[in-house]
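Before any questions on binding or motion, here is one chain by itself as structure tokens, the form predicted on its own.
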């Protein structure tokens, strides 16, 4: 370790519990209602049409991520929105306490705050020489420890208009082995695997559009949705 960043205002969120808690919180607010099992079908200027019928609305905000092309295909094509599939896993407790969320060299090649620095070119050259296997799967080797001691580790990336559901075991093994190497442990055991999918665009990290009066579309089109979504909402919808 030769350097680091102290991000003192960062807040770590566990999506396995936070999503449900956010929905419960919204539903508990005066006038707040959360309806599950309901598909948004469109907005006619006065009502949002859903699979459960119309809802009167003064404003509609559409945040459907990579499914934007199902509702507004022309908008998705204009912004070159595709699907990015990533393989992730959860490992058993490695027997060590990992207090911070850990990112590695591959992370610095993905996020603009780092990737746009002059040092990034030299880093990529070194990675091409030393770890082409990580670049081949477009890896972002990072991990964080949950309260039960297990590690969430990730991830690889593959972008296309559609994505296959099949997971490549060699990719998962590459991520597992590199995480174990960074931690300095042997026998890191995987107990869960899954595929994540998010919206991705080569043009910008998030899509901001207002195709009609009182209709807003907001989609994070990069891998920073968990990081900037709340700030994006506050900036565009402060009330």
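Numbering follows the first chain given and starts at 1. For clarity, every value in this text was computed on a predicted model and none was experimentally measured.
Here the subject shifts to the form predicted in complex with a small molecule, a form of this protein not shown in this document.
In the predicted complex, at least one heavy atom of residue 86 sits within 4.5 Å of the small molecule. Within 4.5 Å of some heavy atom of the small molecule in the predicted complex lies at least one heavy atom of residue 39. Put simply, residue 22 is far from the small molecule in the predicted complex: not one heavy atom of it is within 4.5 Å. Using a 4.5 Å cutoff between non-hydrogen atoms, residue 216 does not count as a contact of the small molecule in the predicted complex. Think of it this way: in the predicted complex, the small molecule has a heavy atom of just one of 102, 71, 135, 123 within 4.5 Å, and the residue is 71. Heavy atoms within 4.5 Å of the small molecule in the predicted complex map, among the stretches 208-216, 23-31, 58-66, 180-188, onto 58-66 alone. Three-residue candidate spot 198, 222 and 227; every residue lies within 4.5 angstroms of the small molecule in the predicted complex by at least one non-hydrogen atom.
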